[in-house]
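Shown here is one chain on its own, the form predicted on its own, set out as structure tokens.
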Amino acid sequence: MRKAADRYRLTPAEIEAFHRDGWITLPDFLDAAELAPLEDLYMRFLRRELPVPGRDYCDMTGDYHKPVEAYDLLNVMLPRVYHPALQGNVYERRAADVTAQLWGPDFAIDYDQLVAKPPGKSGAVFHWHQDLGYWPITPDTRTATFWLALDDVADDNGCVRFVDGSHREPELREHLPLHGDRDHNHTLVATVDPARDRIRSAILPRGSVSVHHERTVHGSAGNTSARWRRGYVLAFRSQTTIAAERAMGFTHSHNDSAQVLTAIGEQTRKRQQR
């Protein structure tokens, strides 16, 4: 049986594809009954019934100051930190099982995130990037980042698109701040060449997931449809890597100190110049 309780068994072809392409999709990861309580909490976060301080609730398109009702790309960082009752849910448990099949047992959740594009938000663009462009340098870059679809997602409502095999490139691609200064906007933009890169869309029915490596280039277009595009992210990394990040003062919060974020940006710049 492919799915049972906390297990989701991968096929050898899926494991091979993850390591070859840097991402895979897994159908029917959660059923309707498993999704319902998570969706309820998700919407309570978006409606701000569950408080999230500072920039950990923000519009990822770049304007941190406009009212919530006008947000294009709603972003909630670390919901399991701000609402601990979310911890240990069936999505986390099943994703942990898949991560162990991909990488082995010494992995844990590094961070979680809610990313939502309301209907008709053509400006809700998530620019091309590699997750490692946002993170500090650590020796172990193994990652399994899950993106759970709470809605049917396709190109018209801004599904995630991936550049096949980009995780195997020897260096990160150049990442530049969207507005020239990460203190004003956290967003970075990586270089992608549609003529050279093989780009594919992660088209997901509700309840399915994509899983990608932190070095895989990905992004998404705006939502031009009449339906939502809601994603629930879980990122697993080795426990040694997580401990190294925390020792640097890095938590994946947008509220991390400016000094920490500046140091990470300088690390990335030097790495790209090598």
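The numbering used is simple: start at 1 and walk along the sequence shown. Predicted model, so just to flag it, every value in this text is computed and none were measured.
Keep in mind that the form predicted together with a small molecule is not shown, yet the notes after this line are about it.
Problem set entry | All of 129, 212 and 229 with a heavy atom within 4.5 Å of the small molecule in the predicted complex | Judged in the predicted complex, 129, 212 and 229 all sit within 4.5 Å of the small molecule.
Problem set entry | Selected contact from 204, 160, 144, 86, since only one has a non-hydrogen atom within 4.5 angstroms of the small molecule in the predicted complex | Among 204, 160, 144, 86, a heavy atom within 4.5 Å of the small molecule in the predicted complex occurs only for 160.
Exercise. Here the chain is shown alone; which of 233, 30, 58, 26 has a heavy atom within 4.5 Å of the small molecule in the predicted complex?
Worked result: The residue in contact is 233.
For this session: Could you confirm whether residue 223 comes within 4.5 Å of the small molecule in the predicted complex, counting heavy atoms only?
Result: Because no heavy atom of residue 223 falls inside 4.5 Å of the small molecule in the predicted complex, the answer is no.
Exercise. Do residue 98 and the small molecule share at least one heavy atom pair within 4.5 Å in the predicted complex?
Worked result: No, residue 98 stays farther than 4.5 Å from the small molecule in the predicted complex.
Exercise. Looking in the predicted complex, any heavy atom of residue 115 within 4.5 Å of the small molecule?
Worked result: Looking in the predicted complex, residue contacts with the small molecule include residue 115, since a heavy atom lies within 4.5 Å.
Exercise. Which of these stretches, 44-52, 31-39, 237-245, 215-223, has heavy atoms within 4.5 Å of the small molecule in the predicted complex?
Worked result: In the other structure, the partner sits against 215-223.
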